[in-house]
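Only one chain is included here, represented as structure tokens and corresponding to the form predicted alone.
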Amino acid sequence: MDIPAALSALARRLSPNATRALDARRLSGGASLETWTFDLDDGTALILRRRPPTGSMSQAALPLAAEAALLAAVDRRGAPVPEVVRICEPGDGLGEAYVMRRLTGETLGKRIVRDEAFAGVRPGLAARCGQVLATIHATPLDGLPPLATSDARGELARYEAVYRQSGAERPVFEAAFRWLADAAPAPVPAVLVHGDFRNGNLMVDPGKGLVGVLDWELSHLGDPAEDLGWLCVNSWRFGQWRRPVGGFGDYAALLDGYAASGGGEIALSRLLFWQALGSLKWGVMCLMMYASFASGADRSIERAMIGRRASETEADLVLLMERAA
């Protein structure tokens, strides 16, 4: 498929003064989805998010039309997300895809937590994340595309089933499943949950701070503390482990920002439960990625390298269990 040609043919529908697409190129990363950056000849900067015909789709991933609809819904609430320009139709020649405006900023978590360029905005990022999550969680559910619903026990059971089917025997994971089953909080009214709100899926500008929340394919309805806890998983701190919120902030700033923006009071203990469950979930995912590499289903070095990180999550879980005790 000639993606640049298809984008040029679509140019007038993307912007009334455009006649063709320029400099279309695929960005690195993404095994199941393609991301293309391109410009129109009227100066409009855009991004194409596309699932190729041969691309795999996990059971948890949303169809791209649903993902685009969520972006539009939270955009109307004032959340910092890319503006959706078009949900592609069959006649567009791009398959399952949508086009959004291109934001400017940094998404590499290591740079955000370490580079001097971001020193001025890092102190306010945790509170800003709380504010943005409060906005997302307040999105009216009426009119949203169909979404799965999950709570603490449901998530725990889902990942334990994956773990059992793998045949793995990891003592730390065994202990963590039992510990979290005993500690699971009671369900609360479900809200729109991003599902992968973490450093690495946030676009940060050195002068403006958080300017974009990306990658909505795992969105669902659930406990608002799930998003806050996932942001605090040690794997997303990029070595800055003393800053539990994304490697750039502390719990109090995140929770205060959330409450001050109408998100309500969330107990630190509830956040810490979801942080621990997030570490366990990521550990199970790492095991699955290594299994994919070892079986020959995916021989990419990326899968093997991520698979090794299961041991990191075990260390995190031991520390969390010790602190809880």
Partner chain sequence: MITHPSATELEEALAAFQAGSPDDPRANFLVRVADNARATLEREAVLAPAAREAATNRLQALLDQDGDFESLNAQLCAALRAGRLDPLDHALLAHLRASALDQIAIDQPGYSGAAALIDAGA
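Positions refer to the first chain, counted from 1. Please read these numbers as outputs of a predicted model, since none were measured by experiment. Basically, rigid core = biggest C-alpha set you can superpose within 1.5 Å across the two forms.
Keep in mind that the form predicted together with the partner chain is not shown, yet the notes after this line are about it.
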query	finding
Which of 100-108, 150-158, 211-219, 228-236 lines the interface with the partner chain in the predicted bound form (heavy atom within 4.5 Å)	228-236
Contact assignment for the partner chain in the predicted bound form, among 172, 188, 144, 85, heavy atom within 4.5 Å	172
The partner chain contact in the predicted bound form: residue 25, any heavy atom under 4.5 Å	no
Contact of residue 305 with the partner chain in the predicted bound form (heavy atom, 4.5 Å)	yes
The partner chain contact at residue 15 in the predicted bound form, heavy atom, 4.5 Å	no
Residue 322 within 4.5 Å of the partner chain in the predicted bound form, heavy atoms	yes
Stretch 142-167: residues contacting the partner chain in the predicted bound form, 4.5 Å heavy atom cut-off	164, 166, 167
Yes/no, residue 300 Cα shift of 2 Å or more between this form and the one not shown with rigid core fixed	yes
